[in-house]
Each structure stands twice: as C-alpha cells, then as structure tokens.
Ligand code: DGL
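Shown here is one chain on its own, the form predicted alone, set out as structure tokens.
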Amino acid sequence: MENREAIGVFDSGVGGISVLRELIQIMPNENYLYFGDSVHAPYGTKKLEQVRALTIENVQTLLEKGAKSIVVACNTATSAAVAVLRKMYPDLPLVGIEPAIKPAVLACPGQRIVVMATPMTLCQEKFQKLMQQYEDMAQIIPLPCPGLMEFVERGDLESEELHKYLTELLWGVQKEKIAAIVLGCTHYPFARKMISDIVGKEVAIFDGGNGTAREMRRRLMVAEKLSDAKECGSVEFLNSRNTQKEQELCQFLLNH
C-alpha cells in the first residue's frame, strides 16, 4: 500500500473504526492507515496534558508513514489536541470528531437528550461550549460512561455483562422519557444495538461518524487531495500493542 496516498485515522484504541467505516462508505476509493493506541487506552480517564502529548505523538507517527490527511477519530483526543495540531500543521486536512448534539437537538427540539461520553470529554471546555450552544433548544443530559469503551476494546459487544452494565448506567436517565441519545465516544456505536434494545426503538441514536467523514471529504476536495482511483482502496491497521489479537479485533470490528 502506498501510505503517502492514505488518509490517516487515529484513535485511542479500536473505537475509531466506527468512523473508519463511515469514511470507507463515503470514500471507498481512498487508502486508509488506521492507528490505535490501545497500550494507553482509555484516554477518557487521563489528564488533559497526557492526552494531548499522546495524540500529537501518534498523529506524527501517521504523518511519518506518509498520511496525506488526518482524522482524529476520538472525542477525548479531539477536545485535548485538535486546536494545537491545527497550529502545528496549518496546511494539513485535519478533522476531529465531536458529539452529534446539533443533529440530535434539531431532530428533537425541546426534548430530553442524553449525551453518553467519557468523563474527560464531558468535563472539557470544548464539550461545555458545545452544550451551551444548544441548551436553550433542548434538555441536554451528560452521562459519563466510565468502563464502556473497555468492553469494545475487548471485542465484547453482546455479553450479559455488557447488558447489565448498560442497563444500570441508563436506569437513572430513563426515569423520565428521553427522545434521543448521542454517542459521544467513537467506541460506543459498536454497542448501539444493545443500547437501543434497552432504551427502546423509539429513542433516536446519533453519533458523529458520518458528519466527520463528510467533512474530511470536503477538506480533501478543497486541498485537491481526493483520490482519483477507480478501484476500492486498501486498509492497513497499526496498533501500539501490535499483537495478532489486535489485528483480528480490528478486522472483526471493521466487518461487524
């Protein structure tokens, strides 16, 4: 694979594969280079400075391998480092991800909307500002989910243990009717089916993956870096843990 022609996708672990799937759907002819930092996962419980340093280091790894653009497919890393990365690489097509509060609010104005995210994402200034933008339009309820991403990191998407965890987590916010749930971590879409089973099909579920993929396509067009290849591109997985198990988990989640 010609790495210099690849879109680099970074996440704290394997959760960003939910964004990678959206990218492939929108731009199937691109090559992709995915880097997951599973050694240091989860990022959502770390200090801001540590997350920023890890994100910058891992993005540099992707650039050294020839990535032509970068998607930071991790809400925590986006909050901590994207503004700094934009200053470091002003000409690089660079897109972060943020919780899909806007589409949820537009779809369910005036109603109760739960935002599931890591504790760190929820306490970041970036998230607080995003929430303040829309808090007059709906009742936005942040729900910290410590431990949820670890289920996905283990490839555990259907166990009784995960069902019990989610049921207990969502019990409190379900005492009153909720209209929508925003999945504010890229790991969480892999648990979407189980979340939907617990809260009921009438509760709409939103995540930021599709919007992020469309924004990357727009930025590549502006930079005139979109691939003109006619055949489907390739996907290469890198992981800081670098084991066969991680490679198999990445393939499993990509095809799930």
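All residue numbers refer to positions in the sequence shown, first residue = 1. Source: prediction; values computed, not measured.
The form predicted together with this ligand exists for this protein as well; it is not shown, and the discussion that follows is about that form.
When contacts are judged by a 4.5 Å heavy atom cut-off, residue 43 counts as touching this ligand in the predicted complex. Proximity of residue 149 to this ligand in the predicted complex falls within the 4.5 Å heavy atom cutoff.
Contact check for residue 185: a non-hydrogen atom falls within 4.5 Å of this ligand in the predicted complex. Contact with this ligand in the predicted complex, judged as any non-hydrogen atom within 4.5 angstroms, is confined among 130-138, 165-173, 116-124, 82-90 to 116-124.
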